[in-house]
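Before any questions on binding or motion, here is one chain by itself as C-alpha cells, the form predicted alone.
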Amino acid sequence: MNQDYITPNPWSIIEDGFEVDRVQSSESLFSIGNGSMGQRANFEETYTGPSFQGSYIGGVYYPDKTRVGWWKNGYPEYFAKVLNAPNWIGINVIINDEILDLFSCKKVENFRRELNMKEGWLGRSFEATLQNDITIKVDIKRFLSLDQEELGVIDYHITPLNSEAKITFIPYLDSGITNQDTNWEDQFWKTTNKEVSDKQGFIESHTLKTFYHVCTFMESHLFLNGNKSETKGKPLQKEIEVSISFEEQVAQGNTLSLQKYAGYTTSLNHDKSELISAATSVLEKATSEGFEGLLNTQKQAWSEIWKMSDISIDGDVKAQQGIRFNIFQLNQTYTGTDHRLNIGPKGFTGEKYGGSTYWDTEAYCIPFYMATKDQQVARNLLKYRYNHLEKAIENAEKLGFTNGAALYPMVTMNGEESHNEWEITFEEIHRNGAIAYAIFNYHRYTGDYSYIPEMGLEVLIAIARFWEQRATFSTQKNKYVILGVTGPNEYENNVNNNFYTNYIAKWCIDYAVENLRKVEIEYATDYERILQKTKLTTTEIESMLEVADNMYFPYSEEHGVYLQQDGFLDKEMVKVDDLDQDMRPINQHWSWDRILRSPYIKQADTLQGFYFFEHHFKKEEIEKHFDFYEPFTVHESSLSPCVHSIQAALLDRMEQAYAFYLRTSRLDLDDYNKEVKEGCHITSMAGTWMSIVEGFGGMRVKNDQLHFAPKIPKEWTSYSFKVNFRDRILKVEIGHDNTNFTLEKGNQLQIVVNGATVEVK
C-alpha cells in the first residue's frame, strides 16, 4: 500500500494529525530550500523520537574515504557527501521547567503541518499537553529567503491554554552534527570559534579535508502579544553550541513568540576572515525588514516564479498538487544563479546519493530549466560540465584511456569521480552520452549555437575520443562492439552491447564530427584554437567515423526489436504482471543475484534511446519496442515513469500515460518506492514536468519550430502551461474541445499544431 496521509490541495502540502511513524517521511516532504541551502522539516523544539536531522549548504561537501571489501585499480578514493551542516533552526522550549517534546507529551491534538507552495513557507501548529498538565497552543512559520539566500527565518508562537506558565525559549546553534551515511564515522566539521551575546550568536567551523569555512549565525527577538518584549536574553556557551535563554511569565491566553533570524555565510562567497562581519550584515538587513516584511518579499519572489513555471490542472486536485509539488521542489533546489552548483538527486531533502551531480541533470532537468527560466540558466548547467572537462579527461586516464579522451563521472562534486560501486563507476558509461545530448538539446531548443564553438565542441571531441577507444572490433561480427557495461537499467550489470549505450556512442561521434565541420566553416578562429588545444587530426576523425559507421546493435528478428543487450532473450521471460505482488519492489525482497538474472528492467533503457532519438524512428517502431519492453519494467527508479508516460501519450495510450503521470508526480507524496524518509526524488521531478509538456502537450522542437500534438487525460477538464522559447513566452491551454495558444512576450511565433502551421502573434 502507498502512503495516503497528505491532504489533497491545489497549492499546499498538508498533514493533519501527529503520527510518530510518519515523522521522517514528513521531514522529507515538507523540506524547504532556496537554491543555496536547504532544510529538512525537522522540529525546531526538542524531539526525542525517530528523526533524520538535515541542514544543507549548496557546494559544501566532504570526501568520505571509499569503503569497499576489495580494492580494485581505478576505484575512486572517496565518495563525495553533501554535509549535514550546523543546525540553525534549533529552539529549545521549556514550559514550567519541562521541555516541550512531542514524543513524550501526554497528548498532541489539532496537529497540522502545511507547506505553502504558492508563497514559499512552512507552517506547523498543534495543541500539546505536557506531563506537568500544562496545555499550550503552538504556531510556527519558517522559510528560507529567496531574496537573501544566506538567511532563514522562524516565527514561533506559544499560548498557555489552561493556566499561566513560565515559558523559556532557548534558540541555539549546534555544530556537533554528523551525517547518517558516513563510511567511517568521520567527524566532518571542526568548530574553531564561538561568539554569543544577549541576542546574537555565531559559530565558526570548517570542514575537514575540503576546508570550507562556514559561519552559522542567529539573532532572536521576543514578543508578548505582538509587542516587543524588554526581556534580555541570557547568553550560554558549550563546546560546540551557543544559545540564548529568554524567560517570561505568561498569563493564560496570552501569546509569547520568538522570531529567529539565522543562516550561513561561507567561504564560497566571502573571505574566511570576514564571515562574522558578513553574517552581521545579513542580520542587520533582515531585522530591519522584520519577519512580516521578509515574508511579503518571499511571497512576491514565489509569485514571479509561478508566473512562468506553473502548470494548472482543472478537475483533478491530486494531479494538480503533484505537479506543483514537483515544480516547487525543483525551484527550491536550483535557481540557476550560480554556475558552481548543480542538482543532486535528493536536492536539499536528504543525504542519499551524496548530494552530487548525476546524468539526471542533463537527461531530465535541463529541459525544465530551459523552458521555465531563460537560456542562461541551462547554459550555466552546461558550463558546469565544461569547467570539469580536464577532470573528466583525468578520470578516463585513470582507467587507461589516452589522447584527451574524457569519461565524465557518474557522481561528482568537483569533476572527480566519487562513486564506489564497480558496476556503476566503470560500466555505466552512457552518462557521457547524456552530456553530449544536453548540448544538442540546448542548441535545438534555444537556437544559441555560441556555446558549441566557445566550450561545447571541446567536450564533444573528448567524449567522441572516449567512445572510439572504448569500442572493440569484433572479427566474429565484423562490427564494433562495446563490452562490459551497465545501461540505464541497473538491474543488469556487466553486459555486452547494451543497445542504448551503443546507439548513443555512435550518435556522439557523428554529432561531434558534424559540429567540427560546422565550426570549421562558420567559426574559423575558434576552430583553429580548438584544433591546437585538442591536437585533433584528420586520421583520428576518420578512425572515429569508422567506429560510428560500423557500430553493432543487437537485434531480434523473431520479435522485430533491438535487444537491450546481447543476452536479454536468454532470461526467463516472465512479465511483471505475472510476478507475486508481495515481492514488489523486488529491490527490497530479492537478492541482487536473482535480480541480475531476471528480465526485469529498473527504468527505461532501450526505451530511453527511443525517447532521446524519437526523431530517428518511425512511430510503429516506437510502439513495437514499447509493447515489448514495458511489460518487463518494474519502474523501481524514479526516472522511469516519466519516459514511459511520454511514450504512452505519443502512442495514444492515454490511460497508461495518465497512470504513469500520477506515479511520477506523486512518487514522493504517496511514497510509491517506500523510501521517501531518505529524501525526495528531485531530478525525476523534472521528468514529471516533461510528462505533461512533452507527453500530454506533445511539445517537440523540429527544424527550429515548436510542434504540439495536444492530448488530455479524461480525468481532467483542462490544463495549461507556459514555455520560454527563444525569448518568446508562449502560454498553452488545452481542453477536451480546443487548444489555445497565447503569446505573452516576444515577436510573433510560427508553431505547428497537429501538423498544421499556426501563427501566434
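Keep in mind it's a predicted model, so treat the numbers as computed, not measured. All residue numbers are counted from 1 along the displayed sequence.
There is another form of the same protein, the form predicted in complex with a further copy of the same chain; it is not shown, and what comes next is about it.
- When a further copy of the same chain is considered in the model of the complex, Glu458 lies well away from it, no heavy atom lying within 4.5 Å.
- Using a 4.5 Å cutoff between non-hydrogen atoms, Arg431 does not count as a contact of a further copy of the same chain in the model of the complex.
- When a further copy of the same chain is considered in the model of the complex, Asp577 lies well away from it, no heavy atom lying within 4.5 Å.
- In the model of the complex, a further copy of the same chain sits within 4.5 Å of a heavy atom of Lys477.
- Of the residues His419, His635, Arg666, His625, just one reaches a further copy of the same chain in the model of the complex with a heavy atom at 4.5 Å or closer; this is His419.
- Checked against a further copy of the same chain in the model of the complex, the residues Gln187, Thr537, Asn494, Ser543 give one hit for a heavy atom within 4.5 Å, which is Asn494.
- In summary, the region of this chain contacting a further copy of the same chain in the model of the complex, judged by heavy atoms within 4.5 Å and restricted to 602 to 610, 528 to 536, 159 to 167, 422 to 430, corresponds to 422 to 430.
- Residues Ser591, Trp592, Asp593, Arg594, Leu596, Arg597 are the members of 591 to 613 with a non-hydrogen atom no more than 4.5 angstroms from a further copy of the same chain in the model of the complex.
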